[in-house]
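Quick setup: one chain, the form predicted alone, written in structure tokens, and binding and motion questions come after.
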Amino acid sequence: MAQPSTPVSPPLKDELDIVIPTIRNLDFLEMWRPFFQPYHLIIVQDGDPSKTIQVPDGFDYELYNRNDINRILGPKASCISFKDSACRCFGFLVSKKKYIFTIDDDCFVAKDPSGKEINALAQHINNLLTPSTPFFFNTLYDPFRDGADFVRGYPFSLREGVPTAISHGLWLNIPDYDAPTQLVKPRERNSRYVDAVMTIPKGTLFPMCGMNLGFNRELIGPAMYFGLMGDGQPIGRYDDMWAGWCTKVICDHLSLGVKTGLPYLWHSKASNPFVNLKKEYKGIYWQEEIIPFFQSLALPKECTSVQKCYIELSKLVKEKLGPVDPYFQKLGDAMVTWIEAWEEHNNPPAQAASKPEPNDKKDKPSAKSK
């Protein structure tokens, strides 16, 4: 009889947290069990904190609700959005791990064209552990993938690449469309699987989706703030977009990389386009001002850390976007509050690879399971 092979420890098992924002029971985790069970989960419960969220047995998790957020952050809790998936960034703040993978609760395991289930987490880890090439485009896309390399004419001086800060994954089935596009293409589904990962070039912005996202928390975590969205705010559904624009300009400034492409997951639920339009309509107008602002933005050379970049960015948001709407004055203040909360909770400096420490007792959530 053949002897069982030696068990292999899952990659980054003790260095990565999975952050999930939710308003419902997390039955979707059953499908992800083979891939997620070895890892620690941070669940951020949005909505009514008196509601009990059920988590399948066997997962190691912390569950935070709004009461926990208010207790842990005190007055600074005002920077964490309510009734919007932007609440997930609280999980980024209380984590003590080097890496974060965040996923929405309506996302399931996808299959590649051969029918094999895709381990999205493993692909994100691979993306984050290999360099990015933002300064010169490689026409074979990611040269660090098996079977690929730098093509003829690629400068040897740039082949070492830079550290990868963000891994942006994609989705099969329900595309990540805005409300107007949903309305004109209500039955459109994405069935196109593109077997590619690429570095987004320096100076190029992109629409970041938070439903399938990995990042190096020590490299870019302080900038991964999903803004003021949802309850009490004039805008929603631009939380991940805001974080994407901010992190990209900071990555460009600090010579860090952003990859997009694989992995895919299966996005199962189309949100209501009419509800989405009410949340998005100001953003649809404002983005025509916001995107040129980020495209023309130049951070001073004195900004040598993510925190310094983000504080400078908050000032520019108030100065340049404040005239567009008073909301941006409020958002700029919230960006500063977020950085204060980040530093107050003894998170490792953005550029330092320090050893993760266990959560402080005062940060303990409402529920925990082993």
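Every value quoted in this text rests on a predicted model; they were computed, and no experiment measured them. Quick note: we count residues from 1 along the sequence shown, nothing fancier.
There is another form of this protein, the form predicted together with a further copy of the same chain, and it is not shown here; the text below is about that form.
Visitor: Answer with yes or no whether Arg152 is in contact with a further copy of the same chain in the predicted bound form, where contact means some heavy atom within 4.5 Å.
Guide: Yes, Arg152 sits close enough to a further copy of the same chain in the predicted bound form that at least one of its heavy atoms falls within 4.5 Å.
Visitor: How about Gly74 - does it come within 4.5 Å of a further copy of the same chain in the predicted bound form, if we only consider non-hydrogen atoms?
Guide: Although a further copy of the same chain is absent here, Gly74 would stay clear of it in the predicted bound form, with no heavy atoms inside 4.5 Å.
Visitor: Find out whether any non-hydrogen atom of Trp171 is located within 4.5 angstroms of a further copy of the same chain in the predicted bound form, and reply yes or no.
Guide: It does: once a further copy of the same chain is placed as it appears in the predicted bound form, Trp171 has a heavy atom within 4.5 Å of it.
Visitor: Is there a non-hydrogen atom of Met241 within 4.5 angstroms of a non-hydrogen atom of a further copy of the same chain in the predicted bound form?
Guide: Yes, contact at 4.5 Å.
Visitor: Pick from 118-126, 90-98, 212-220, 173-181: which stretch has a heavy atom within 4.5 Å of a further copy of the same chain in the predicted bound form?
Guide: Going through the listed ranges, the match is 173-181.
Visitor: Name the residue from His253, Lys83, Lys282, Arg237 that puts a heavy atom within 4.5 Å of a further copy of the same chain in the predicted bound form.
Guide: The residue in contact is Arg237.
Visitor: For 131-155: residues with a non-hydrogen atom within 4.5 angstroms of a further copy of the same chain in the predicted bound form?
Guide: The stretch 131-155, when checked against a further copy of the same chain in the predicted bound form, contributes Phe135, Phe136, Phe137, Thr139, Leu140, Tyr141, Arg145, Asp146, Gly147, Ala148, Asp149, Phe150, Val151, Arg152, Gly153, Tyr154, Pro155 at the 4.5 Å heavy-atom cut-off.
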